[in-house]
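One chain comes next, on its own, written as C-alpha cells: the form predicted alone.
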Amino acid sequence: MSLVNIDVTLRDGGYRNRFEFDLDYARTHARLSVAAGFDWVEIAYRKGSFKPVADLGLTGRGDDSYIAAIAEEIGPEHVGLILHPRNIDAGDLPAMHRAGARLVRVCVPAGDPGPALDTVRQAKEVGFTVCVNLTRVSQLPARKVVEVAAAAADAGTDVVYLADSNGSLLPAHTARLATLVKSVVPGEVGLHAHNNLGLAMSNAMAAVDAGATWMDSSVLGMGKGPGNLVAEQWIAYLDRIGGDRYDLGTMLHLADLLGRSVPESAPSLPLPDLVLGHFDLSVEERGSIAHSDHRQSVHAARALAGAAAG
C-alpha cells in the first residue's frame, strides 16, 4: 500500500490557538514530522483561514518569510499550504512557489466552484502539486460530489480530497464517496477527516480500502473542534501493517513535544461538537445549539437538521 501522508497540525491545529505557533516550534515540528515519515507538512493558510484577519498568528497567514524558513528546514519538496481563493490575488501563488512551497491545497465550495478551479489552473501553471478540498462533503449529494470532482480533475487537480468538515461521515458513506470519485478522476483521492463522532480512524481505513491514497492527520489530533485523524495512531497503524518507512518513535516524540509546548493541543471532545457531528451541522451552527441543558441542545440540533433537509 503506497500512501501519501500530510501532517496538518500547524494549519488545522491553529483553530485551537489562533494559529499562534512560534517559528522555532514550527521549524522543529516540521523537521520531526518529515523524520517520522510524513511526505508533506501543511504549514499554514495563505492569508486567512476563512477570511483575512489582521491579528492571526503565523500559521494563519502563511507569509513568504515563514514559507522560506520551513523550506530551509525540510526542503521545498515537503512544504504545502492551503488557501481560500477569495483571500488571494494573482501574485500569491508565484510568491509562494518562489518562497519554497511545492504543494497547494485549494478549498472548493460545491455551490460556486468556478473561482477555485481558476486557482487550480494557475497553480498548475506555476508548478505546484495541487490538491482540492471538497468542503463539507457529508452534506453534498453524491451526484454533486462527482460533478465537482470531475471538474476539478479537468482543471488539472492532482488530488481530490473529501473533506469531512462536519465530522459526520460514517465509514460506509466514506467508502462509497471515495469509490465514486476514484471512478471519475484520473488522479488521486484523499481524505481529510474530523473526529466529531470518534470515527476518523475508521473512515481513514474505509477510504484507503476504497482506493484513497492521500491522507491527512494531525499530531494529538489537534484541529478544529474535536480535531482530526490522530497522526500518532495513524502512523502506528501503518507501521503495524508493514509501512517500513515510518518512524514511530520519532512520531511519539513529536506528540510529546507538542503536548508540552502548546497547551491548546490537549485532546478534547467538546460535547456540542459531538452533537454537530451527529446531525451533520457545521461549526457555524454551534451558537444555535448552545444550551446549558444538553437535551435542549440535541432538540435544537434536530430541528436545524430537519429544516435543512426540508
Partner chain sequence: MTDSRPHALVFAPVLPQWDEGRFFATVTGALEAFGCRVTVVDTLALLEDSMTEVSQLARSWLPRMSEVDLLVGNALGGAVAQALLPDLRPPATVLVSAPTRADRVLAERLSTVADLAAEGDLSRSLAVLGELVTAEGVEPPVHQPVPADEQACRRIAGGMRLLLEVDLTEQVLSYEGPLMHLVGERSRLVTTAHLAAAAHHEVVEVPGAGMRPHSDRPEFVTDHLTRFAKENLTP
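Residue numbers count along the first chain shown, from 1. Owing to the predicted nature of the structure, the values given are computational and were not obtained by experimental measurement.
The form predicted together with the partner chain is left out here; the points below concern that form.
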*Give a yes or no on whether each residue among A110, E147 and D280 has a heavy atom within 4.5 Å of the partner chain in the predicted bound form.*
no
*Answer for D247 alone: is it within 4.5 Å of the partner chain in the predicted bound form, judged on heavy atom distances?*
yes
*Contact of D239 with the partner chain in the predicted bound form (heavy atom, 4.5 Å)*: no
_Distance check, D154 to the partner chain in the predicted bound form, heavy atom within 4.5 Å_ = no
*Quick one: does E188 come within 4.5 Å of the partner chain in the predicted bound form, counting heavy atoms only?*
no
*So which of L56, A35, L274, A68 reaches within 4.5 angstroms of the partner chain in the predicted bound form, heavy atom to heavy atom?*
A35
_Considering non-hydrogen atoms and a 4.5 Å limit, which listed residue (D209, E125, E72, D118) is close to the partner chain in the predicted bound form?_
E72
*Heavy atoms within 4.5 Å of the partner chain in the predicted bound form: which of the stretches 25-33, 280-288, 59-67, 40-48 has them?*
25-33
*Taking the partner chain in the predicted bound form, which residues along 103-138 bring a heavy atom to within 4.5 Å of it?*
none
